[in-house]
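Presented below, as structure tokens, is a lone chain in the form predicted alone.
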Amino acid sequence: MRILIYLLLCLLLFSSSCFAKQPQQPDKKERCPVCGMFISPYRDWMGTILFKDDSQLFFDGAKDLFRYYFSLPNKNDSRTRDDIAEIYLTDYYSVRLLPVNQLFLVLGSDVSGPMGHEMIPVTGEEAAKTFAKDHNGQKIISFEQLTPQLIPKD
């Protein structure tokens, strides 16, 4: 009986992870909706927003993704933040797309992204502290602490 319950729990966990929204990779023609840059050459910096309607937008970095996020809704897009299913950013060290709530953002470092000064996503607070120390980072925040005023201007 225990084995049957264990197998059912495993099946339930496996099936729920199969249906979770996962980001797709951009094609070569995909452009950032904020600046118009092609995404493919900058996959190491890429961010993406998955919407509840299964659509997805790609960005050339965290900075442009958050500019878009804080602009919703706008004249070009009637969607709201409530329409967002998940936000993913590329972790600086592992170069993997991860949910934004698993990352810390290092602001004001000497590391530049495709569009100049960038917010650097790093997994874990200790790794963020190390990155900030190694690259003159000025501030470490979580997604929940982010405001439009903290987004780099250039």
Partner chain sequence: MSARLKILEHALASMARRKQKNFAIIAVYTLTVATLASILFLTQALRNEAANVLLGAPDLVVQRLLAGHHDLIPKQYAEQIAKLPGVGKVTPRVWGYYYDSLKKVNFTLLGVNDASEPPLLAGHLPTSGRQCALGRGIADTYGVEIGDSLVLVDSKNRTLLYEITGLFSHQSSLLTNDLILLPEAELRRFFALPDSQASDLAVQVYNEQEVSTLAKKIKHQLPDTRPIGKMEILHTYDTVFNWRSGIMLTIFSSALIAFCILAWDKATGISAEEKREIGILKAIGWETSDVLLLKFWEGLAVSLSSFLLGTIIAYLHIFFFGAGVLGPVIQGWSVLFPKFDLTPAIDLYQIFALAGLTIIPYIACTVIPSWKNAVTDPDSVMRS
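Predicted model only: the values in this text are computed from it and were never measured. Numbering follows the first chain given and starts at 1.
Only in words, not in the display: the form predicted in complex with its partner chain, which the text now covers.
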item	value
Site test, 51, 82 and 144 vs its partner chain in the predicted bound form, non-hydrogen atom cutoff 4.5 Å	no
Partner-contacting position among 37, 127, 97, 87 - heavy atom within 4.5 Å of its partner chain in the predicted bound form	127
One stretch from 51-59, 64-72, 98-106, 37-45 that, in the predicted bound form, holds residues within 4.5 Å of its partner chain by heavy atom	37-45
In the predicted bound form, residue 139 touching its partner chain (heavy atom, 4.5 Å)	no
Any residue of 87-126 that, in the predicted bound form, places a heavy atom within 4.5 Å of its partner chain	92, 93, 94, 95, 111, 112
